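One chain follows as structure tokens, the form predicted alone.
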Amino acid sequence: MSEIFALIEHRQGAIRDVSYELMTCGRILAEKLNTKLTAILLGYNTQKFVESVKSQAHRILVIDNEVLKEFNAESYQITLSKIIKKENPSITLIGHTAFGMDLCPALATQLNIPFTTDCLNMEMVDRNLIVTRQMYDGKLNAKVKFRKNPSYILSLRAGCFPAEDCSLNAEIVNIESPITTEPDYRKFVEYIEAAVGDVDITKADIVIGVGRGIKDKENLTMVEEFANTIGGVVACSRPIVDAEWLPKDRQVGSSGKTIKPKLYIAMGISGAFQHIMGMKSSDTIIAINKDPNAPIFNEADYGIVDDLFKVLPVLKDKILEMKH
């Protein structure tokens, strides 16, 4: 079978985490299909990127040209379409990010290749590609079976495949860029970063998540105090945002942010799969909920079945005691 391709995504001089997740997914698929993973790197002065990813793939196709320094969906489409036509990979993996959503539909249409967005998982069963994706606003997970085809394009949701270390030594193949100037009808101008609130939950090592079990907005104060005690930040599930107790930028889940802290403590969160999708890649998950059947316990490394208002003061006191 032809190789698996994974597109490396980078922004403002840094490779994005989703790229390593794509390569992890690609290696898993490649091993099952007895083939290899090829990473595609488009950019300018790409040597530092190559050094960062050469242990993650069997081969890296590098297209280094100033016109590719910043992402432009049109430039990427022109370049990738030529590579995919020539190489004919069995599966091309692209992150389901703002970049991927801009690029993939037109690329798949141009190449007349089957394409599915926002995949949570993918597998080959009897040489048939089956992907898992959400439907009905995340209320249902559906397995979608493709008709057999020589090639597919898939966009993968960030956080679904935790990036794993690897010790490959990729063959580096430099390819001349098929374009040397940006298309006149679409040019990159500048990055304008979205405004970040007073807390960026995606950068925190310790996150305390609160849900309906917090009962009242005033109870957030004790959670904030606990978070300060352990050097963490407070995040939440969707009902807390809907109630306007915390701003949207604190929401974790499929309609909020995806986080990967070292420690995630879920307090009074039942564990709807929309929320789980945003935090399941946390290194360690602790759940506190008085309902022993709460779905959050299926994801937790440690669980406490009790009223969070009884547990929280005890945890805080123990932590302060340890500090002294």
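Each form is matched to the other, and the largest set of C-alpha atoms that superpose within 1.5 Å is called the rigid core. Treat the numbers as computed from the prediction; the structure is a model and nothing was measured. The first residue of the sequence shown is number 1, and the count goes up from there.
Although not depicted, the form predicted in complex with a small molecule is the subject of the following passage.
Visitor: Suppose contact means a heavy atom within 4.5 Å; in the predicted bound form, does that hold for all of Gly268, Ala272 and Ala294 with the small molecule?
Guide: Checked in the predicted bound form: all three residues contact the small molecule.
Visitor: Consider Gln77 of the chain shown here, and say whether it contacts the small molecule in the predicted bound form, taking contact as heavy atoms within 4.5 Å.
Guide: No, Gln77 sits far enough from the small molecule in the predicted bound form that none of its heavy atoms falls within 4.5 Å.
Visitor: So in the predicted bound form, does any heavy atom of Lys187 sit within 4.5 Å of the small molecule?
Guide: Close contact is absent here: in the predicted bound form, Lys187 is far from the small molecule, nothing within 4.5 Å, heavy atoms only.
Visitor: So in the predicted bound form, is the small molecule close enough to Arg147 to count as touching (4.5 Å, heavy atoms)?
Guide: Contact check for Arg147: no, nothing within 4.5 Å of the small molecule in the predicted bound form.
Visitor: Can any non-hydrogen atom of Ile288 be found within 4.5 angstroms of the small molecule in the predicted bound form?
Guide: Output for Ile288 is yes: heavy atoms within 4.5 Å of the small molecule.
Visitor: Exactly one of Lys143, Lys215, Lys85, Arg127 has a non-hydrogen atom within 4.5 Å of the small molecule in the predicted bound form; which residue is it?
Guide: Spelling it out, the residue with a heavy atom inside the cut-off is Lys215.
Visitor: Identify, from the list Gly232, Gly95, Gly159, Gly211, the residue with a heavy atom within 4.5 Å of the small molecule in the predicted bound form.
Guide: Selected residue: Gly211.
Visitor: Taking the partner as it appears in the predicted bound form, which of 198-206, 111-119, 238-246, 87-95 has residues with heavy atoms within 4.5 Å of the small molecule?
Guide: Selected range: 238-246.
Visitor: Tell me whether Val305 is among the residues that move between this form and the one not shown (Cα shift of 2 angstroms or more, core superposed).
Guide: Superposed on the core, Val305 moves its C-alpha 2 Å or more between this form and the one not shown.
Visitor: Has the Cα of Gln274 moved 2 Å or more between this form and the one not shown, judged after a core fit?
Guide: Shift at Gln274: 2 Å or more after core fit.
Visitor: Would you say Ile175 moves its Cα by 2 Å or more between this form and the one not shown, aligning on the core?
Guide: No.
Visitor: Given that the CA-CA distance for Arg250 and Cys160 shifts by 3 Å or more in the predicted bound form, does it become closer or farther?
Guide: Compared with this form, Arg250 and Cys160 lie farther apart in the predicted bound form.
Visitor: Compare the CA separation of Cys160 and Gly256 in the predicted bound form with the one in the displayed structure, and answer closer or farther (the difference is at least 3 Å).
Guide: Here the pair is closer than in the predicted bound form; there, farther apart.
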